[in-house]
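Listed next as structure tokens is one chain, alone, in the form predicted alone.
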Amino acid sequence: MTSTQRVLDELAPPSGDFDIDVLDAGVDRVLALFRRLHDEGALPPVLSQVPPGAITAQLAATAPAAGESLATILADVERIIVPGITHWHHPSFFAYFANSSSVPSLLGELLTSGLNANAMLWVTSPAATELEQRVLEWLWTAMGLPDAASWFGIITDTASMSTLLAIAAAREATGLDIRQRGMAGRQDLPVLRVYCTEHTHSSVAKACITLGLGSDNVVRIAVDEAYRMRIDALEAAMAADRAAGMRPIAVVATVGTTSTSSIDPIPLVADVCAREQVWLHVDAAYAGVMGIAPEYRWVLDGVDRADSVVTNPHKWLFTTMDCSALWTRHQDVLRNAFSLVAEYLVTARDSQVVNYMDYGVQLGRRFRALKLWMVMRAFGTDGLAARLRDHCAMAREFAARVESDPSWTLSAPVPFSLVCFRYAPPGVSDADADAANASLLSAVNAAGRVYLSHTRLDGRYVLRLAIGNILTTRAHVDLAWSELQRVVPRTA
């Protein structure tokens, strides 16, 4: 018996078939899924074609009493689960924002699972903590931002959690002792207000709901013609709130909004926040990584004046879900907001190290830094920048096609790799165009060759094509345009 087989036998479930061949078969199935997405002749539909309830109907109502063979389970993954997967790795996935993976990240995720480290305390896995600190310094510097040593970084699951932590820190920074005394029933506590635009991600409102600030106290600031926050409207809203006895505590500005990829005027917002003494959180979840390409670093102008910043390597840096990077200039404030150390968590090294459990809601934490470290090393910053540039170039080329066709129109500027556009032939009313675009989207996605999503801008139904998948080529973008053209006569 080989040493590998002995280890596998020790880990085996009761079915007793956990041998090296089964392990190889499982790895082969993962690789087969990747190979299928590289084979233009065998690409599965991007969007899962199963109807609601189809997966549930194939699953047993209760867990088995006796263990089943892993070979049977793997076969059911192929038979039941894979048909119900929408393939975010697919080269023709253009919906939302991509979160495609890469071989270095896949290997990193596999190693992370194998190591099964819990990165809650430094002592529970020193490498997990120290690699997380260093790789976030790498990413901050790679994005062209200065003085990485002055920023504290932490990896969370998604930007929603990162934003929640940032707004919790903003609440802590008020000095109102909410951590200890709470918010309910306090006569000394003013209404606390958070400011963003209607295009800011919904995670801001969810964070305010979770933190007890209330969604009514998320103030939506008007935008300009490019969907950027208007500074005059921000100043007016803050002044009105202060006059009414309310207290502004945070502004969330965005670099690359979800609907349009618009860029709020960060330097001007930072001026207002400094003058008003409120926390500035910058949501650069989508477009922050564009700073890796030096010619795009202007989009991060003023970000170093923020109090906290988030970007998501799992969105556009070819890193497997999930991996969100949060930085703050106020490590002590974030720690004060969350640190709660039970006696069984006290260690002799606490004064010398970072214990990441002190900086968020979670105690147990995954070793997410490993895959990001492997991606940044494998591609290098030059390789990452080249791919980001190419995606932006493909988006501009697609936008040019839209502009050259009189039946179509661009609905927003195209600063990055997202194109917002709309079928709008001359003489067609907005209402009829809305219906036509909704039908177009449904028909294209149902065909399964490409997958697009939509939004609403100025009340109009708008299609979105977001390029960010590492496998996407110009041929796939061409296919998206062809699919749209193919269904126009049937739906217009």
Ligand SMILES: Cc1ncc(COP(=O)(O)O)c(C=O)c1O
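In case it trips you up, residue 1 is the first one in the sequence shown, and so on. Computed from a predicted structure; not experimentally measured.
Omitted from view is the form predicted in complex with the ligand, to which the following refers.
For the marked spot (159, 201 and 312), a heavy atom within 4.5 Å of the ligand in the model of the complex is present in each of the three residues. Residue-level contacts in the model of the complex: of 398, 416, 359, 97, one residue has a heavy atom within 4.5 Å of the ligand, and it is 97. This chain is displayed alone, yet in the model of the complex one of 248, 256, 91, 153 has a heavy atom within 4.5 Å of the ligand; that residue is 256. Heavy atoms of residue 264 never reach within 4.5 Å of the ligand in the model of the complex, leaving it off the interface.
Contact between residue 306 and the ligand in the model of the complex is not found at the 4.5 Å heavy atom cutoff.
Shown alone here, residue 326 lies farther than 4.5 Å from the ligand in the model of the complex, counting heavy atoms only. Interface residue remark: residue 285 is counted as part of the site for the ligand in the model of the complex, having a heavy atom within 4.5 Å. Here the chain stands alone, but in the model of the complex its contact with the ligand, taken as any heavy atom within 4.5 Å, falls in 159-167 among 293-301, 159-167, 234-242, 360-368.
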